[in-house]
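The chain that follows stands alone, in the form predicted alone, written as structure tokens.
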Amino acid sequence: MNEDDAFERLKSLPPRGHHAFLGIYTVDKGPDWAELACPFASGFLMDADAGLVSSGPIISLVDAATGAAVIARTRQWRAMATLDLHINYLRPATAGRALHARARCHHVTRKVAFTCCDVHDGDPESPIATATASFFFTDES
């Protein structure tokens, strides 16, 4: 592992806080993208009888994956805040299946990074949601 590479450092950090609670982990990465996953938990169901997964874990996973994609592209640790996060739900997530979010950072300015993300629950060809997010760098760089 290259300790100077911000994304390599991110991957080696133990999950903390909300991400640890949800069990979010890194699946794969590229020069401008990251794929994170979240194992299914029965607490994700908003209607157990119907097997409907609530939006909360999906939103959290998208936020984490898109933020990781920014670090993958910039290879820098920069303080940033989610400026905008928009999700289009295409179908319900299937109860019992892990959620996967593959995000790509497609544009970076001095103060804002722009990302897009696809979410699926086992079949990337059958997404459950698509998303866009932007992040505001709060540091002085």
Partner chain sequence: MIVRTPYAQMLGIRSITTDNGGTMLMMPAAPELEGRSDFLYGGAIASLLELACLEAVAQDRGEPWPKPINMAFDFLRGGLMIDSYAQARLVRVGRRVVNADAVCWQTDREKPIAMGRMHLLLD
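Nothing here was measured: the structure is a model prediction, and the numbers come from that model. Positions refer to the first chain, counted from 1.
Keep in mind that the form predicted together with the partner chain is not shown, yet the notes after this line are about it.
In the predicted complex, at least one heavy atom of residue 55 sits within 4.5 Å of a heavy atom of the partner chain. Contact annotation: residue 26 falls outside 4.5 Å of the partner chain in the predicted complex, judged by heavy atom distances.
Proximity of residue 60 to the partner chain in the predicted complex falls within the 4.5 Å heavy atom cutoff. Using a 4.5 angstroms threshold between heavy atoms, residue 44 counts as touching the partner chain in the predicted complex. The listed set 116, 37, 108, 87 contains one residue whose heavy atoms approach the partner chain in the predicted complex to within 4.5 Å, identified as 87. Residues within 4.5 angstroms of the partner chain in the predicted complex, judged by any non-hydrogen atom, belong to 61-69 and to none of the other stretches in 108-116, 61-69, 27-35, 95-103. Shown without its partner, the chain has 80, 81, 82, 83, 84, 85 in segment 70-85 as residues with a non-hydrogen atom within 4.5 angstroms of the partner chain in the predicted complex.
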